[in-house]
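Next up is one chain by itself, shown in structure tokens, the form predicted alone.
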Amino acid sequence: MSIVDLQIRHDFGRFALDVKASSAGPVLGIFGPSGSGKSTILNAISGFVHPQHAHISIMTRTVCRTPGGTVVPPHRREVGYVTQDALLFPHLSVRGNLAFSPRCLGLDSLGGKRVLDVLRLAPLLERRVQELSGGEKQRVALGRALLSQPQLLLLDEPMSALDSRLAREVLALLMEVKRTLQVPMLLVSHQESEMAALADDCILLENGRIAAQGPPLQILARPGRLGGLDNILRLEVARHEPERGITWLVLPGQQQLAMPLSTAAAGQTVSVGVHADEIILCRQRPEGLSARNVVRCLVDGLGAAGTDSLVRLKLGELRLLAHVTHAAVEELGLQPEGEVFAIIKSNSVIRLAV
């Protein structure tokens, strides 16, 4: 079943939007440069923009058919909307902002408690908005949207106003929302790392039209589209070595990943991030390295991106992206299902404090 079906044509004079797409998600990414029409699509889905010609369905329910057809008002479209600005009410506490959500689940209900738990909001409930960090404000905005029981969560560059550390924290939270709450999402972004980490299907938008649609790796591998792609993983803490300043995380296949010493308890699940260009690939297990992590993987796929390549690696159910040159792929003879060792410095494994 499609999470969204779109047919939108609207002429703004100096800019025209003309798109037709359908996606089963569960997370659809809309990717492209500023001014390409990404936010306009979200505003049309939410009902804040009325296109001249449109047929928009959310989970097979038609919410807009123009001209002359159904136009469901925004408050009845059953979507949650989170923007760059958290748009919280400054005169209300976190609890008050969450409770203001239309169709709000009770914070003490089973569903409400799940949202609070996933977003780590319980310790913030009595805080004033002015006391919150940027990342905490976005967590509250996400909570308010999810408590409204949306059929579709619209995310309009929710991390663009945050610094890189806070942006990673919010991205890790969205991955957890996807995994545990299973709410379909539509993510608008111009950041490759966000698309690679979260989206299952990706639309590339250019000048108001769809240039391509497909798996994020395929879309991001188009020439000129490569950026600093991140890997964000949820892993269990195996053990600590305080004297060496290392915490070990559990990987599939009885392997482990070293990171800087963490305060997380053994058995706790943590979110960590690794930049794709921090991963070095080797066909044979190396010896005598300062890097703590030598992880055996299989090549899951290869993508060309101008003068660079993306190598998708698999470790059981986990997936990693490595960013290397075309020359490296050729010299290593990388092929799908071929064995390769990923070398990762422990200091390159960053704990996401969520």
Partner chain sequence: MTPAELEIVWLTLRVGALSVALSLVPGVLLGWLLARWNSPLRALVQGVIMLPLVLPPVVTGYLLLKVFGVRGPVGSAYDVLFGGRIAFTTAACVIAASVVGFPLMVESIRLSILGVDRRLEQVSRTLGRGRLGTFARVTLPLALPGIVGGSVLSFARSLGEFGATIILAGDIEGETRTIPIAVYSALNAVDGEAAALRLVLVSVVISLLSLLAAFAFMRRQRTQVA
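Residue numbers count along the first chain shown, from 1. Quick caveat: nothing in here was measured; it's all calculated off a predicted structure.
The same protein also has a form predicted in complex with the partner chain, omitted here; what follows describes it.
For the options G245, P252, G214, P102, the residue carrying a heavy atom within 4.5 angstroms of the partner chain in the predicted bound form is P102. The contact residue chosen from A167, L116, A145, L198 relative to the partner chain in the predicted bound form is A145, the criterion being a non-hydrogen atom within 4.5 angstroms. Contact check for D85: a non-hydrogen atom falls within 4.5 Å of the partner chain in the predicted bound form. Remark: V129 counts among the residues lining the partner chain in the predicted bound form, judged by a heavy atom distance of 4.5 Å or less. For the chain shown alone, P260 is not a contact residue for the partner chain in the predicted bound form, no non-hydrogen atom being within 4.5 angstroms. Residue contact with the partner chain in the predicted bound form: G111 places no heavy atom within 4.5 Å of it. Just one listed stretch, out of 73-81, 237-245, 172-180, 118-126, contacts the partner chain in the predicted bound form at the 4.5 Å heavy atom level, and that stretch is 73-81. With contact defined as any non-hydrogen atom lying within 4.5 angstroms of the partner chain in the predicted bound form, the stretch 172-204 contains no contacting residue.
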